[in-house]
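Below you will find one chain, with nothing else, as structure tokens; this is the form predicted alone, and questions on how it binds or moves follow later.
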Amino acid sequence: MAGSPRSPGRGAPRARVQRSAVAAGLVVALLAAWYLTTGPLELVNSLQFPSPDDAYEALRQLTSPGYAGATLARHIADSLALVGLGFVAATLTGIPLGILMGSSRLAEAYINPVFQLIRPIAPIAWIPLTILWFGLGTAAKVFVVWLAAFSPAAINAFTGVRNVDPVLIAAARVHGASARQVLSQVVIPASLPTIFTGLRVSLQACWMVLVAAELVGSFAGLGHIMIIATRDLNSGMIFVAMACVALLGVALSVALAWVERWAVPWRR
């Protein structure tokens, strides 16, 4: 007697459980390897890579009384503010510019050559000029983060607009849509998946350039911890700061993915 046909979605929960089990096993294996190589086996010097005890002591010191002039909460708040301001500034400038270049050949002809000329310059190379322009305040640090996040946002917005199916645009025009309606109701919605891809890359770029940005006169921040800990040869502090950057980056990426699911429901 033939068995009943298996539902297509029945294997999905089992696959998720298996992936979670594999991920958990890898995490446990990495933690065990970390403990053994930096602890009992002493394969790695504590100056080169901290042991779990070193990391715990650094975390405890950061929590109270603090390190590098502030507690961990203050360092995290400063870095989040810096990343948030730079990311929002890049979003508000890069996406409109990309849409403009993608929807107008004339705008592309004038703007794109300048954009392509400036884009290859690494954000860290702008730091000397940034200090001359903005001094050592928050504006200088935000500008460096903005530089890192701006290009991915603009390029992906431009690509998204240019890759919109011409049939959709033609159909909208046939039904009497104006140029503004075509842009707002056809082109931009169809470009959203590519735009959000650019935003994810921009957000990652913000965290990658954080340490460089906090070279510009910072008194707190996760990058500031790394800078001071490097001078102090404190690998535990460096590790804790790096772990915080990783965890915060993952958390913000998850939040951005949630916004994408809300803004682009047809891709769920």
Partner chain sequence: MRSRASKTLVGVLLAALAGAGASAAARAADPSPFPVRVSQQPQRWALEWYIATQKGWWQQLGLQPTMVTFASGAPQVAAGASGSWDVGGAGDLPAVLGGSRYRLQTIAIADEEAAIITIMATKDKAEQYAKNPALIKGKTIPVTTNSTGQWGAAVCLEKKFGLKPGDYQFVNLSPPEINAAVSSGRYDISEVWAPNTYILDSTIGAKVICDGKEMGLPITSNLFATPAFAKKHPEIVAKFLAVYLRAVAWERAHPKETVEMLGAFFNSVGVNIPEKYLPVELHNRPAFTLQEQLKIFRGSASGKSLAADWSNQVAQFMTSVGVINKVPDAKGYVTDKYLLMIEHDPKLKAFAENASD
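Numbering follows the first chain given and starts at 1. A quick note: this is a predicted structure, and the numbers were derived from the prediction, not measured.
Note that the form predicted in complex with its partner chain isn't included here; everything after this is about it.
- The contact residue chosen from 136, 77, 89, 100 relative to its partner chain in the predicted complex is 136, the criterion being a non-hydrogen atom within 4.5 angstroms.
- This chain is drawn without its partner chain; in the predicted complex, the residue among 216, 55, 62, 199 with a heavy atom within 4.5 Å of it is 216.
- None of the heavy atoms of residue 70 is located within 4.5 Å of its partner chain in the predicted complex.
- The shortest heavy atom separation between residue 232 and its partner chain in the predicted complex is within 4.5 Å.
- Residue contact check for residue 131: one or more of its heavy atoms lie within 4.5 Å of its partner chain in the predicted complex.
- Within 4.5 Å of any heavy atom of its partner chain in the predicted complex lies no heavy atom of residue 81.
- For the stretch 102-127, the set of residues having any non-hydrogen atom within 4.5 angstroms of its partner chain in the predicted complex comprises only 127.
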